[in-house]
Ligand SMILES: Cc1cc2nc3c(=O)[nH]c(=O)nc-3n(C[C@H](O)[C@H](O)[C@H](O)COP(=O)(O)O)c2cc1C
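Below, in structure tokens: the form predicted alone, a single chain.
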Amino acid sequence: MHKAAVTDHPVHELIRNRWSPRAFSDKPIPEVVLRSLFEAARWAPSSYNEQPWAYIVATKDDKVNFDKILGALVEFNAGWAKNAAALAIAVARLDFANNQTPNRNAQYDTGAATALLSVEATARGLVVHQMAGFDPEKARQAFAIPEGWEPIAAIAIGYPGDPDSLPPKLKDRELAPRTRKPIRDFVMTGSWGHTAPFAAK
């Protein structure tokens, strides 16, 4: 299913076409494609080039680990994410490796890596749905994630599926128009709440 954003200003088609569906097909992701997704994440910018991200990943072929990730999701998300070809947990290292001082940008940088992964996925005809709805402690226990590393998001990756495969309420959400705040609501200058002149147009 193609669901390009209707943008107020021109952007690259990969940005327009990236979205987060819940309907996935059962088509497996070739390993060569998976490698390219995480290669894209590898090249994200990060504070001091720390690269504080790690990903725990399982495809459906790896039923034991796929089910461990699925078991960490809240029930609502598990209900549709079980159909994705791959599941992942994004994990951020909270301190710098060289001096063990807190890295306040760790989660920000891990998000940037996942954003690039999502764009690469879009370029390859895949879809990615990131989730806050999971239990970090279940993930930590299931995969022996060490102290100092924080599980921050769950991720479903796969090829787009048929919205008719979803329950009625989720199907309605899948087919609803995509919306975003206008840039004038969040692009500021001078003082908080003062819209930057270029964004007001």
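Bear in mind that the values here come from a model prediction, so they are computed numbers and not experimental data. Note that residue numbering follows the sequence shown and begins at 1.
This next part talks about the form predicted together with this ligand, which is not shown.
Is it the case that Tyr108, even though its partner is missing from this view, gets within 4.5 Å of this ligand in the predicted complex, heavy atoms only? No, Tyr108 is distant from the partner.
Contact label in the predicted complex: Asn83 to this ligand, heavy atom within 4.5 Å: It does not: once this ligand is placed as it appears in the predicted complex, Asn83 has no heavy atom within 4.5 Å of it.
Answer for Arg93 alone: is it within 4.5 Å of this ligand in the predicted complex, judged on heavy atom distances? No - in the predicted complex, heavy atoms of Arg93 and this ligand never come within 4.5 Å of each other.
Is Pro30 near this ligand? Define near as a heavy atom within 4.5 Å, in the predicted complex. No - in the predicted complex, heavy atoms of Pro30 and this ligand never come within 4.5 Å of each other.
Which of 157-165, 50-58, 130-138, 33-41 lines the interface with this ligand in the predicted complex (heavy atom within 4.5 Å): Of the options given, it is 130-138.
Is any part of 53-82 within 4.5 angstroms of this ligand in the predicted complex by a non-hydrogen atom, and which residues would that be? Phe76, Asn77, Trp80 sit within 4.5 Å of the partner.
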